[in-house]
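The chain below stands alone and is given in structure tokens; this is the form predicted alone.
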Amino acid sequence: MEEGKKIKHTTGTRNKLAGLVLVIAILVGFPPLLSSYWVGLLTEMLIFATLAMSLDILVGYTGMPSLSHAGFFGVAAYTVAILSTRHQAGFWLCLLGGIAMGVFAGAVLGLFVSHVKSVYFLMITLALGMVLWGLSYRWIPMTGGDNGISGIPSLEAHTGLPLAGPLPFYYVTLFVFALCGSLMALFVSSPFGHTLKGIRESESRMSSLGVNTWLHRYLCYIVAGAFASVAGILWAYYNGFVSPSYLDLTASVELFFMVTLGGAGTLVGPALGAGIIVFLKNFISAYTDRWLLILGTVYILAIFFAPRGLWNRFLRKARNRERITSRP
């Protein structure tokens, strides 16, 4: 019996490693064969995958369904835009400034939301997200209002990289995505991350064990904001333009869809959901103005057939196949 379990565990590990190697090979080796349009689309997918994974730390691992998470994304992007265009700041100052502002926003907003949960958490994060959007829309001397801020230098020009074009930027984004994904995986699998899962399942029980649940939720909110700010920095350099639309409710709801469509609590699922939604937005909108209707239909069908997300459904089917094949 024990030997059978070991063989089953070894086979599962090998399959996961083989899948990981295949994905890495595709992401690294396939883009040079694609046109600049598809390379840019893959870059956008990776940026929003990083952002969706950062939200999953709150939604899937801590049970904090935030509707203002796009605010950290927008704050970091605006920081890069302001520093690079108006103050001619260097790349490293923009990078550190964007992350610092994302962490600062998380630290401030976390004071308002970390002590509440369920529907009250949703309501407060919704209100705070609208506050950030209102600041970006009305603080015209700083943010440019509805016109936004344009003229953000390209990444290669700002960093002095010898290579230019969509492909080098894609590989930079891929590296940042892999780095952030690895750090988030370490975070959620650490003792701190396991404590967050315990808070998600039963906060009262964790409190009775002596865990400071408020502090854990607060720190988690800050960490998620830091990773979201990294995605915002990448987006500012990729798009070259920042506007209030990156902080509005629609952006946060779309981000929430990415997490739930792919599968909360997995990190891989939100990355998959982000890729699907970004692809559908860009591909379908090129053929019809009713792409929102199609996107909504896809999401409704996914909820019916995979209520816990596409990746969780795939994992459940894989486990069922393993149980069937392991039976004597």
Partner chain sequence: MVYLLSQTLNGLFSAALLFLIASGLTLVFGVMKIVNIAHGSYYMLGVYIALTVVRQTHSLLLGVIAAALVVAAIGWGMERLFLRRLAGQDLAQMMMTMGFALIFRDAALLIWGGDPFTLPYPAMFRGSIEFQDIVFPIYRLFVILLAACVAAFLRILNEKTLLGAKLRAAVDDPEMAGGVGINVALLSGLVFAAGAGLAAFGGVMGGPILGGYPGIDFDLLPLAFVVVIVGGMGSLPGAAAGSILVGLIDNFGKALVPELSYFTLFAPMVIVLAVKPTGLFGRG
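Numbering follows the first chain given and starts at 1. What you are looking at is a predicted structure, and each value in this text was computed from that prediction instead of being measured.
Keep in mind that the form predicted together with the partner chain is not shown, yet the notes after this line are about it.
In the predicted complex, the partner chain lies farther than 4.5 Å from every heavy atom of Lys197. Among residues of the shown chain, Pro65 is one whose heavy atoms approach the partner chain to within 4.5 Å in the predicted complex.
Contact check for Phe256: a non-hydrogen atom falls within 4.5 Å of the partner chain in the predicted complex.
Shown alone here, Ile277 lies farther than 4.5 Å from the partner chain in the predicted complex, counting heavy atoms only.
With the partner omitted from this view, the residue of Leu27, Ile303, Leu34, Ile284 that lies near the partner chain in the predicted complex is Ile303 [heavy atom within 4.5 Å]. This chain lacks the partner; the member of Leu161, Ala178, Val103, Ala127 within 4.5 angstroms of the partner chain in the predicted complex by a non-hydrogen atom is Ala127. At a distance of at most 4.5 angstroms from the partner chain in the predicted complex, all three residues Met123, Gly134 and Arg290 contribute at least one non-hydrogen atom. Residues with any non-hydrogen atom within 4.5 angstroms of the partner chain in the predicted complex fall in just one of 115 to 123, 232 to 240, 208 to 216, 145 to 153: 115 to 123.
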